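Included below are structure tokens for two forms of one protein chain, each presented in isolation as structure 1 and structure 2.
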Structure 1
């Protein structure tokens, strides 16, 4: 009986001492199993020459051969440069449109609350559903866009128009997110510097250029880095609307990785491509964290 009480006392003391670790342990275990294990397996796969006939750990170690093969593949380098160009253009348009909309909705214009609410609508639609709707709208035979234009246009059948169409849909769906983020930033700015500049005789453009924009910069940096990270790994709307075509015109890096892994069934090469994407996105994440800390210090 005495030994049982002593054991209970020791156990209670041990639980009190390690309470913080015990409460975090379930979440940490699930995170490692869900996120860490697949990452480790895909990293191992990227250094192997693995085929579907082999066991999970039965691949032959090939070192960096898969990564060398990737950069020797013209389709991979084309997909990489296309992804970079696509990311730069769509993020620039989203920021420009988002900032313009945020500045307009920051004023006391009629029905401003209705317009602010309408901004949420594109964000409430899942990317796949939105892409399917736009694919129907842009159909040369049944689409309402060509009906109003009056002549059939191969929006998704011409390489240049397909890139523009896919980028347009992405900007249409994500620019409202940037607008809402920047509108929240504008509403939180202190009014004293703006009022002081107006009393000193500054014009609206001068107030925006020298007061509002510098104060809004932390929010713009956050929007820039967040959208860059998400745009770089865009997949769903491209795959639904064009499947990477026509003639690989919209074959972004995410589409290349998917087709290499599950169409060509070269899982090792696909794993190497996905790790290159992850490393590039990781750089943007580091920048995002640095920008967030700078924003916290500025507030």
Structure 2
């Protein structure tokens, strides 16, 4: 009894001494095993000619051949440019709509809280389900959208319209998220500069342009970077709504990578495409970390 008690106190003082390392260790171990290791594996595969039948380290080293193959594949370059254009446009729309919505929801009128609550709903919805809903709403025969327009439009059958539809669904689902981020920003802004400008006789637009907007900029930058990172990897709604079609019109980088890896089963090429995605996203991640770090230090 006494010895077990002593053992207990020795154990607890040992735990106390190494508390930090003991509690961080599990998180680090899991992350390194499930993120780090696979990342290294896919980097390795991207420099190899490897097929799923071979042993993990049995691939033949081929240098940059996979990367050269990628950039000489018109499907890949098209996917790359499409993804960049898609990201720029959707993020721009999400930010402008999100800012407008945030300004509207920032007004102190009765019941505005209920409207804020309602706006949480679209972004909670499972992306697959949201896309499925929009697929039904846009149905050329029985969809409510075409009923209101009065003519059957093949929203997902025409290359240009399919791109617009897919982008629209993402903006619809994520603009509320930007709105909530910016609303939180607006609510935390100091009121003195705005009141001072109002006393000086500035118009509402002048106040927004010269006081509110500059104060809100750090929040906008963070929202911009976050949304860029997430739009760049868009997959779910494209997959459900168009599957990358028609005629590859909505084959974004994520869809290309997915199909190369799991449909064409060219794992080495898929790994190379993954790494190009990773490198592009990495740049924005570093910018995001820098931006959120700077804000943290400012506080």
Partner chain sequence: MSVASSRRNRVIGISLTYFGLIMLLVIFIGPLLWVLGLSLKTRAQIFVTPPVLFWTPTFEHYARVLTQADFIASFMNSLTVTSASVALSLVIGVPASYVFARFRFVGSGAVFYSLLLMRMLPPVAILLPIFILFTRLGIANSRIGLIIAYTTFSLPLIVWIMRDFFEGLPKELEEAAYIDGASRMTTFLRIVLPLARPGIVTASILCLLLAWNDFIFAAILTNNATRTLPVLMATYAGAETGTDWGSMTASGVLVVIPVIIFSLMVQRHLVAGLSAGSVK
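Here the rigid core means the biggest group of C-alpha atoms that line up within 1.5 Å when the two forms are laid on top of each other. Keep in mind that what you see is a predicted model, and the values were worked out from it rather than measured. Residue numbers count along the first chain shown, from 1.
- In this comparison, the chain shown as structure 2 is the form predicted in complex with the partner chain.
- Fitting the two forms on the rigid core leaves the C-alpha of residue 282 displaced by under 2 angstroms between structures 1 and 2.
- Core-aligned CA deviation for residue 147 between structures 1 and 2: 2 Å or greater.
- After superposing on the rigid core, the C-alpha of residue 20 is displaced by 2.9 Å between structures 1 and 2.
- Once the two forms are overlaid on the core, residue 11 shows a Cα shift of 9.0 Å between structures 1 and 2.
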